[in-house]
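Next up is one chain by itself, shown in structure tokens, the form predicted alone.
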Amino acid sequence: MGPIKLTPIYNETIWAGKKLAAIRGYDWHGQGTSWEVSIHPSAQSVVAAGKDAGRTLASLVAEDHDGMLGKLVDDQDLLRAAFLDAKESLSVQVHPGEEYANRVSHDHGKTESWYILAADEGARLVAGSDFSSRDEIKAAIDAGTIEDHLYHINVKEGDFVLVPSGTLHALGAGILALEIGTNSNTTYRFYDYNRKDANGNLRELHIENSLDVVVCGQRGDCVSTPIDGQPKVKRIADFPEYTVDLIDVCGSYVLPAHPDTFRTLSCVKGDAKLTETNETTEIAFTESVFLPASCGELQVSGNCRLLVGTPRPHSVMTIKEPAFHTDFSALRPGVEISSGTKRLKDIQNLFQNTEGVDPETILYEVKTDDGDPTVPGSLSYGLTTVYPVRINGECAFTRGHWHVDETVEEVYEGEAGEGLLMLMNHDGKTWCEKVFPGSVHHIRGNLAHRLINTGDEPLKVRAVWNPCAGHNYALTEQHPFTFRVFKENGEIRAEAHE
């Protein structure tokens, strides 16, 4: 099955602009959003043309789940694409993670990202705050100083803004953006500039929900992707839940098939023709299509910029390349460091089966310069060595931990050997990055992290972090990593934790 074009679902909003109406040529009467691809119950996309015209995307999925979504994809993994056209700033809002959204709003959690198609001179948006605690937020509410704590980003055409769940955010006035995000319609409105609706009433706020889910101090990132007329493929979003690839096409490009999952494809500059076998689908500027898992290789022709959103099924542990490489190789010299050793007997409860393995087996060693948390700007520095031990096939790993202060991030750098950095968010979503000499890994403070040796020699990894971070090991025992890693006959195998 080839690309599927869908009929936009327009919604009127208090902050609506006219940029999208001017591009598409429809009569404007307050439409601020246009849902382009959605299987969410609150907005069911309908096929626009062809033999299935008039059918909902959801009905096609019900008829052929594996062919449409991919056999490993379920409702939690779905993506949506929508345009936001803002004449005025949207409310400052926050989205919940998966667990809270399930429990409180009977919906999925939401992580989103915005590609800026057009922005007025001086346009900016909110993507985070400098709040350090919920008490500080409450004090700012009482004092009316919320706006003083918001983190603003100036944006222009081609910018791409990443907004993980828990981030206070708001699209700004004068911006037309394409939102690609997870399958959710749950938004907690935190602050609305004392704006009133058409009836003169202050709009409803969701303060308690917002305080429950906000991640204090968390900020979104902005990736600049200026249009330079050169062909390129660039990954601009790399969330636990999904990725977004930017593709600049100058004449022609071949988009490979992706039989594991569906994808969304949006044209944010120019127009294109998508040909699968002998069938061609034309997409114009601001149009999107749904690419079923069964869609074959696509021949793309035209001069255009495309954004391709691809889900990461939560039932699959992804192993991906690290974002950066470096050739640094020396431990910091001239510093007195402390050492610690972990043997199997120390953490044997974390392994699946330790029968027949000597409990005195050394699994890993850690050397650290602990830094000084009383000195501003001080850093801790460490070297971890994980030995190439197999515990009945399971690869040796470090105990793993969260940070006590989840606003504190950390950087790992591979020095020797090969292995994996396992990461997990609070919803239990687990994924890995490959670790090797020169690999560099940026670890957000709100992710649990563990090193795993998958090679045949010691895995050595250096780390740098703020000594104020703290280490919460108990939490990873209460809520274990959701996958185990085995190596048997030279093959790495991931197995869900029972």
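Numbers for residues come from their place in the sequence shown, where the first is 1. Each form is matched to the other, and the largest set of C-alpha atoms that superpose within 1.5 Å is called the rigid core. The shown structure was predicted, so the numbers you read here are calculated from the model rather than taken from an experiment.
Quick note: we don't show the form predicted in complex with ligand PA5, though the next part is all about it.
K.L.:
Taking any heavy atom pair closer than or equal to 4.5 Å as contact, tell me whether residue 460 reaches ligand PA5 in the predicted bound form.
P.N.:
No, residue 460 stays farther than 4.5 Å from ligand PA5 in the predicted bound form.
K.L.:
Looking at the partner-bound form in the predicted bound form, is residue 225 within 4.5 Å of ligand PA5 by any heavy atom?
P.N.:
No, residue 225 stays farther than 4.5 Å from ligand PA5 in the predicted bound form.
K.L.:
In the predicted bound form, does residue 451 come within 4.5 Å of ligand PA5, counting heavy atoms only?
P.N.:
Although ligand PA5 is absent here, residue 451 would touch it in the predicted bound form, with heavy atoms inside 4.5 Å.
K.L.:
Residue 412 near ligand PA5 in the predicted bound form, any heavy atom under 4.5 Å?
P.N.:
So residue 412 counts as contacting ligand PA5.
K.L.:
Can you tell me which of 434 to 442, 468 to 476, 27 to 35, 60 to 68 lies within 4.5 Å of ligand PA5 in the predicted bound form, counting heavy atoms only?
P.N.:
That would be 468 to 476.
K.L.:
Non-hydrogen atoms within 4.5 angstroms of ligand PA5 in the predicted bound form: do 261, 264 and 312 all have one?
P.N.:
Looking in the predicted bound form, the three residues 261, 264 and 312 all stay beyond 4.5 Å of ligand PA5 (heavy atoms).
K.L.:
Between the options 91, 243, 113, 384, which residue brings a heavy atom to within 4.5 Å of ligand PA5 in the predicted bound form?
P.N.:
When ligand PA5 is considered in the predicted bound form, the option within 4.5 Å is 384.
K.L.:
Here the chain is shown alone; which of 401, 206, 134, 195 has a heavy atom within 4.5 Å of ligand PA5 in the predicted bound form?
P.N.:
Only one listed residue qualifies here, and that residue is 401.
K.L.:
Within 4.5 Å of ligand PA5 in the predicted bound form, which residues of 350 to 370 have a heavy atom? Give them in sequence order, or say none.
P.N.:
In sequence order, 364, 366 come within 4.5 Å of the partner.
K.L.:
Fitting the rigid core first, would the Cα of residue 59 be found 2 Å or more away between this form and the one not shown?
P.N.:
No; that C-alpha moves by less than 2 Å between this form and the one not shown.
K.L.:
Given a core-based superposition, decide whether the C-alpha of residue 46 shifts by 2 Å or more between this form and the one not shown.
P.N.:
False for residue 46: its C-alpha shift is below 2 Å.
K.L.:
For a quick test of reading the superposition: does residue 35 move by 2 Å or more at the CA between this form and the one not shown, rigid core aligned?
P.N.:
Superposed on the core, residue 35 moves its C-alpha less than 2 Å between this form and the one not shown.
K.L.:
Given a CA distance change of at least 3 Å, are residue 379 and residue 217 closer or farther in the predicted bound form?
P.N.:
Here the pair is farther apart than in the predicted bound form; there, closer.
K.L.:
Between residue 399 and residue 166, does the Cα distance in the predicted bound form come out closer or farther than in this form, changing by 3 Å or more?
P.N.:
Farther, not closer.
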